[in-house]
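Just one chain follows, in the form predicted alone, and it is written as structure tokens.
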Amino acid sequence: MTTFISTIFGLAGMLFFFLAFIKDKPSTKRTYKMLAGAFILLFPFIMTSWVQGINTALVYAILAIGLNILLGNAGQISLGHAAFYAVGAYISSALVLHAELPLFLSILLAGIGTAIVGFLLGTPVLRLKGHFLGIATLGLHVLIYNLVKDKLKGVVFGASAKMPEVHKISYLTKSWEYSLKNSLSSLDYQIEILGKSKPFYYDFVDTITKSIGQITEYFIIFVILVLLVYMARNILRTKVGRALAALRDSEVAARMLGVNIAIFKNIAFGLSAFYAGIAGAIYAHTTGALDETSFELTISLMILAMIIIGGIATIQGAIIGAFFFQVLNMQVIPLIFSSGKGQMLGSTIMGLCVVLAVIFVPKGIVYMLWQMKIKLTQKRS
């Protein structure tokens, strides 16, 4: 019954987002936006089994937005995005463990520090173009990956020596967790010893208590994502965004218009690294364990696939692609292939999805939705 309710709730939420995107009438659009907002607030309490996976999707969405700024808006390919993901994770971890800085300040400084690293490394790398640039960023990933593996592994902590609980995001609501556990213990005593009946809300509170840490992470990561989306939207509407668009369309034309090609390439690389650094810092403070396997090349390729499927050069496309991949990996593939051998086909299925997306929706899901919206508007008119 619980699974049925969760499924209906999830499908209703997807419908609310779709209608909020499609509808044109302001009052109707506002209604569906409010329903979508209510879905976001209630989601972690109703679909608790999904929360951990969705938290990962939110982190991937931040990574995808950063790569989309570099690839979609500036036209510069990168195969080393996971390298900056690792830099952000280790900077933030070192700041909280050794400098004893507050959690959120360390996340912000990790993003800024990674942006500086990206800006400086972009100076020699971004002189290249096309596939040469892709190979150079791939080499950059290998360099940072081996640095993490050989030099930084013991600087903060690893998979065997985890981050202290006090430095994790879930610790922020630890007092609430203790209060809920005490309340449940009191109820258990009344049920077992005094013979009272179990209250109707017992199972709900029990589920929330077990997931309170993940729910805390969900809301905090979601707020950070909203702030970063707002930041990206405003940057892309400024002179910087217009310069990046000119750079993407034609470097020759951009140079003729007075755009400093080198500076704006570095800015794009720095912005992309900033988002990757924030995502890496969040990852460090949610999992509490770091090793080189968390930042392999497959992460960069997966983020690239997300923006291809979702829609290049759109913020919505980056978010849609991240959630598409995570839901596919978290629910659809395990449902189809229940055995361990079947789950090994997950990467193959994801690769097939990328191929099908390139063939049938080459501009991504978000462009397909925009075309659907235009056609519906034309039919109504």
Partner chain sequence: MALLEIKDLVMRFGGLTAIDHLNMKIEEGTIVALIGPNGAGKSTFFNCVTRIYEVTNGELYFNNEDLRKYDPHEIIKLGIARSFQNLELFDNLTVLNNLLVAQHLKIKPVKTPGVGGILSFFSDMFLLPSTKKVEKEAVMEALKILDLLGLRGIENLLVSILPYGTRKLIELARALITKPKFLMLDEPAAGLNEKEKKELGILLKRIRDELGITLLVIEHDMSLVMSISEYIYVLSFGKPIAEGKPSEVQNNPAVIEAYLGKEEE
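Computed from a prediction, not measured in an experiment: that's the story for all the values here. Numbering follows the first chain given and starts at 1.
Not pictured, yet referred to below: the form predicted together with its partner chain.
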query: Among the candidates H98, R233, H131, K196, the residue which, in the predicted complex, approaches its partner chain to within 4.5 Å (heavy atoms); finding: R233
query: Residue (of L184, L147, L297, V259) lying close to its partner chain in the predicted complex, criterion heavy atoms within 4.5 Å; finding: V259
query: Option from 242-250, 164-172, 212-220, 303-311 whose residues, in the predicted complex, bring a heavy atom within 4.5 Å of its partner chain; finding: 242-250
query: Full three-residue contact with its partner chain in the predicted complex, heavy atom 4.5 Å, for T238, A254 and L271; finding: yes
query: Contact of F119 with its partner chain in the predicted complex (heavy atom, 4.5 Å); finding: no
